[in-house]
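Structure 1 and structure 2 below are two forms of the same protein chain, each written out on its own as structure tokens.
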Structure 1
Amino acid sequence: MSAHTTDASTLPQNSSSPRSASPEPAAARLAGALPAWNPELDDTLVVRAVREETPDVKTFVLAPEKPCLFQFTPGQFLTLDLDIDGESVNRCYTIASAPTRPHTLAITVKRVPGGPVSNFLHEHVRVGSILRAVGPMGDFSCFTQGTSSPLPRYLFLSGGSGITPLMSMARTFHDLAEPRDIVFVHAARSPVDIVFRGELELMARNQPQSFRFAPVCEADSPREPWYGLRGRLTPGLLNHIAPDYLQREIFVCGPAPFMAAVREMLKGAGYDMARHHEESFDFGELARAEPEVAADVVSAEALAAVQGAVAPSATTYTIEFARQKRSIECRSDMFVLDAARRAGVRLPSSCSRGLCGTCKSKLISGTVDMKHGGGIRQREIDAGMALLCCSRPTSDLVVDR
């Protein structure tokens, strides 16, 4: 697969362009009051370090080109805007680093077989590469959700690469040295797949009275037998790890099946689900290709939902997807993405709330009523871009998809 990225070493050394990736002296980055990073003004980030966490997981440490600080809430995510094989692709990754170390920001990415973005990042992005991004966004955080108790007890449950938002929260409490009672449970395939294992074990040693780390593995690694907790998370295992889990505020992130299993397990145990919080959309799924939906297998009910009788207050418009050479009908009270899905048109999407930017598309012609949640820049809107998940048509549309 050919890919396109920008390497700092290819830029002119005498360039005065703000895109020059030559690092500022460390003293300049630390001295004085620095402004907050604003992707509306400059959305480029330089890769300062690439770290291998496990055989298929890497961390990419990012910094602004000019000295400034990242401001975010632990648990939020960043949306990368990548050019892969000449096509613009948006993908969300939760921030793994802590806002207590604001000069850099880190995302941790698991390589997914066949995943175009994760493989691009693993194979082509290196120190000095320049990425475009927008954010931070999202509301999954123990700093903004949960009990009003001044000293709550937390149970963090993560699976696979879903560890990243919980790691950001744990790192923040560790840096602040705040007395938070945290039990951090991480489910992995084998010992070699435990992301951030060494750092989490160090946190537990540094905070023996307030932080417990409990990795759970399904199997041994080829060169490392596993003598710790084994299997999948069950009520019995959870009760062994945290006997008081019914009294804890619980935050969950991982693959969709993992989160669904945890949800059902907690409900069955009589847990107060008002104190259960999970990432509202699955970041792991963003790295997988969305399955093709053939128009000839779409149910009659789905087509009727799109093309059925129009309410008196609604108007029906024609939406043409130029690249796919498909046209559908969409009511003025329906989001374009919903109408496309029901008609069997394949479009990239994830959050469906105007946050992540995955469904960002160019409108060749036509207008929409868009109510987004921050997943698109104003200059992109001015250039005719729209988030299809939160856009209702106000005319016939031609979309560059």
Structure 2
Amino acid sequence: MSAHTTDASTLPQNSSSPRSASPEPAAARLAGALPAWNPELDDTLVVRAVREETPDVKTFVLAPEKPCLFQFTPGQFLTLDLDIDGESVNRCYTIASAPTRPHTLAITVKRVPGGPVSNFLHEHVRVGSILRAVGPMGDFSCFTQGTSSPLPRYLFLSGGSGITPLMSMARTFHDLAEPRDIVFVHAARSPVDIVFRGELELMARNQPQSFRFAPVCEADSPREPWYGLRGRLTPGLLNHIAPDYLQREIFVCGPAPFMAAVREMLKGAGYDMARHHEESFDFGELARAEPEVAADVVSAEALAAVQGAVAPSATTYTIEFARQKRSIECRSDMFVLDAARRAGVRLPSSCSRGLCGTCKSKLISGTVDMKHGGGIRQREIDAGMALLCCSRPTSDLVVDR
């Protein structure tokens, strides 16, 4: 008698066999009618997976300790309550996963030079880590915003890690097989920085009639030249991607300058701004009140995508490189090194994360807001040194370079 027929004949008859007494542990998490997750009763979430999306973006997949389901509308955010070096820190992260897969919830985090929270998540949070969270909250969602029409057409405009709420919306419609006409635009620094690239391409293949994915890159990657759409978002480029964009319901998320540039562009094109929806955080406000939170969302690639667009909240300072006898402009929300690079000023640098200290420079005059990652000592800072890769100017600067 073969093993196969033995199994087939005995299993249904013997429900109390040792095999059925210890079922697959995941089965409990899917069993029956599970309660909804209630952070008031249990705010602990277990990290069940960590995914590397791009070199500086990671996704953290979270599940409740006791099996239950997450309920939220796509676009909402979660507030993590983290204990970093004995200090309690709260940070909001938009949910990237879709409510159609309610057993887990995913946040996608971009590493920020010197950002204590994003670096903490990237470096210390692993599978099995416990995080505390409250939420979901927020009303930036195509479920609750926008004109109701039987067949809405959407334009999703995302910059950098601002992709997460729009991704949640796109995943939801895809999973529900709901017919929605979506053009999904994503601005990235280079091809390797396109977040969720493979999955967006798959969704486009699965819904060839209704979902278009249009990544826009500022530059090539070292190992992948970019032959797709290039440069910053302009009315011309938008017209090329979606000629009917003025008729679409538009959802935007990205760094403040990115969203500001989009606003100006749409106004200029005569778009009905009642149908324009931004991520509900006010990033300008946030950048002033909590620069680190804003920085988590502000990304270099999206800044690149809107170069030239002046955000209302940003001031521009003059940076003088004394030895090279060069003077450049740098916005208060940009790192000095990035501004120098764009202006063609060459400075020694490597990690761009405040770690290696290669860009350490003497400030002859001026002040910066620096969030370093250990690449400089307090004694050096006291002696007027700064890491330009993670310093934003807070005044005009003269740098000994």
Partner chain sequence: MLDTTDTPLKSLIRRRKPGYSLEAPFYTSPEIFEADMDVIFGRHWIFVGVEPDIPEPGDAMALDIGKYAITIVRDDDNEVRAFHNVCRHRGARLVLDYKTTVGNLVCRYHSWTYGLDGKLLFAEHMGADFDPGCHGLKPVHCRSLEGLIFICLSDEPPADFDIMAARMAPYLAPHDLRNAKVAFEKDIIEPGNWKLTMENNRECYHCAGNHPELTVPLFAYGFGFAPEELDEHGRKEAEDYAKLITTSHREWESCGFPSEMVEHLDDMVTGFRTERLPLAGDGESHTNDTRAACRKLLGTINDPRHGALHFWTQPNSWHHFMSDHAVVFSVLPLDAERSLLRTKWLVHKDAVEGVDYDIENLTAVWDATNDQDSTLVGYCQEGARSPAYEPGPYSPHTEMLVDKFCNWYIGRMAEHVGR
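Since the structure is predicted, the reported quantities are computational estimates derived from the model, not experimental observations. Take the two forms, find the largest set of C-alpha atoms that superpose within 1.5 Å, and that set is the rigid core. Residue 1 is the first residue of structure 1, and the numbers go on in sequence order from there.
Legend: structure 1 corresponds to the form predicted on its own, while structure 2 does not. A displacement of 2 angstroms or greater separates the C-alpha positions of S349 between structure 1 and structure 2, with the rigid core held in common. Relative to the superposed core, T54 undergoes a C-alpha shift smaller than 2 Å between structure 1 and structure 2. The rigid-core alignment places the CA of S361 2 Å or more apart between structure 1 and structure 2. With the core fitted, the CA of L337 sits 32.4 Å away from its counterpart between structure 1 and structure 2.
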